[in-house]
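Just one chain follows, in the form predicted alone, and it is written as structure tokens.
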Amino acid sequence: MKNTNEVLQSKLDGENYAKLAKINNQFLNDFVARYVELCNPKKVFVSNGTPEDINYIRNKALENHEEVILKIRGHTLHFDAYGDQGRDKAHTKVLLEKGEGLDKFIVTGEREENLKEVHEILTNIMEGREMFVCFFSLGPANSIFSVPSVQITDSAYVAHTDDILYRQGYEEFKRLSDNPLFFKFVHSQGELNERHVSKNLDKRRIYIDLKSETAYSANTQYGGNTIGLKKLAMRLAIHRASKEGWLNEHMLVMGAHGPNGRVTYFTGAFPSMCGKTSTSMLEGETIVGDDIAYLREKNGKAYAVNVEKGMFGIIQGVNSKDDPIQWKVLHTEGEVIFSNVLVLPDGSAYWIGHDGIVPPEGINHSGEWVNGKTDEKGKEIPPSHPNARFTLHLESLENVDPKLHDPEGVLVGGVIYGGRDSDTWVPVCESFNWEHGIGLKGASIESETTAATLGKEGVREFNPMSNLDFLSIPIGKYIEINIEFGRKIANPPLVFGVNYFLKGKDGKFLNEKNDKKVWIKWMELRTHSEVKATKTPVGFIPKYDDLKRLFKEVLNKDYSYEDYVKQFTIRVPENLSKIERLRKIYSEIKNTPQRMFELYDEEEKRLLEAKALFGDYITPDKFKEV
């Protein structure tokens, strides 16, 4: 490699070289120079996070045809390639040294071999294009939660998305000066076709190198594969956190508003398309974040921050009735990026679940589209992709929490775990204690697959803490760290399991979409011991009278005892089957904490004792109030 300054000066003009020099970090300069030389861009733009630099990137996304202008001012549209609209789990690898290994659920690759491969793919990949070098802070800047990060990309769309989703970090890098501890991300969309989307999907690679804390992404544009500070950074942060004693979780952070102006903060983990964003966006509550949280113990208490400052949300099903706050932003002037939705002839956006009838025609990720269009296999192409997205600033939402950027974080009162479960869990259930919550709620999430990942839908998958896809440490160690985290805290947050997808014998959902508003209010009251509960073998469930009152107060809706019984009947065979499945899974996972098996044994015993008394399906009235 040539001298660092020589490489930088050959591609950076005076202004951009000066912006990099002001950071005064030789580790950073060496990193940037290495990929300038390898990727060989025509020129390099260094963003210092000023409005002028952010606007430059935004305009480049339009100029490069990575985004197009929509009807509403500030709204733009981006398309990903057909087949590049979800996380590529098969080609997303955590890189390990020879002899190292992780659990079979985590896709890994030999470090030296895969670094060689991705560097070969990246060689000259940016030829003729502009490289963008951008600086961000994961978590609020100048805080114990802060993780400085640098993104290199040749996609103005990716850089534009980062500018919406993350806090600018140029000043943070200047403050830290010659510090080597920053996350690094290298991305190239690769060769593009006539629609300006990634062409060589067979060479799509997403590699996370734990040793150098660097993530690589090539020949893809979809945000889950390319927005390095999002899910790629999670692998890096989970690995770092495991050594430093904090947690990086796939969690929302929200403020639930209780009596007399009280706000209680919850974190919550749900697999994609299982209600995480809609929970964080509940009307009447406030949002700190909808996707990724850092949690730390301070003075014997648990605090959390949103790693991001924006939202990269699934748009399917968003409508004016169920999602009024999001709907308003998506139909108001302001900065929003839509991806993989249908654009109508008048320049407006339409997606599955949008108000009104399905339009007859438009343009979507498959090209020119008409209602009833089929793909080469004869399968009908919907107007928008099921994993179509929107990207917006959280501060554009009217329910944004005032503590969004608080460097101290928010005090966590409760932790919620949920998945897509049609037959086992009740709609809301409080664990007996922190260990029971981590083991039987968080580490026991099973969820039916959705369109957020490439592959089959509707398959029940094991997904501890909704974080399996993003782990970079052994599962057993990850669970042990979560259990240990609660032991540091004098009074750990209460832990709840929720299930928005429970079905009756007729196959119909037993919950309506907005019932979750009531479950949140009940959980908020429980964190302050203001309502009693009924003790069942699987945890504490609400009393009917409390839910009846809350349904009336929150939704102005009558809640029948018949509905309560259907929803909160304990399904013993299904719960026992779940324990059997999970015990088998964990018995094959190395270093699973022994406490997990004890928790399963204890729950199984409680269920069998209840079954002996009351049968397979036990209505709530058979259990005692506590």
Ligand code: SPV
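Quick caveat: nothing in here was measured; it's all calculated off a predicted structure. Residue positions are given as counts along the sequence shown, with the first one as 1.
Keep in mind the form predicted in complex with the named molecule is missing from the figure; the text below concerns it.
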Inset, instruction - Report the stretch among 329-337, 229-237, 396-404, 482-490 that approaches the named molecule in the model of the complex to within 4.5 Å, counting heavy atoms only. - result: 229-237
Inset, instruction - Consider G418 of the chain shown here, and say whether it contacts the named molecule in the model of the complex, taking contact as heavy atoms within 4.5 Å. - result: no
Inset, instruction - Classify S272 as contacting or not contacting the named molecule in the model of the complex by the rule of any non-hydrogen atom within 4.5 angstroms, answering yes or no. - result: yes
Legend entry - Partner proximity in the model of the complex: G223 to the named molecule, non-hydrogen atom cutoff 4.5 Å: yes
Inset, instruction - Indicate whether the named molecule has at least one heavy atom within 4.5 Å of a heavy atom of H250 in the model of the complex. - result: yes
Inset, instruction - Look at the candidate spot formed by R87, D291 and R389 and say whether the named molecule comes within 4.5 Å of a heavy atom in all three of them in the model of the complex. - result: yes
Inset, instruction - Name the residue from F312, F501, Y303, Y170 that puts a heavy atom within 4.5 Å of the named molecule in the model of the complex. - result: F312
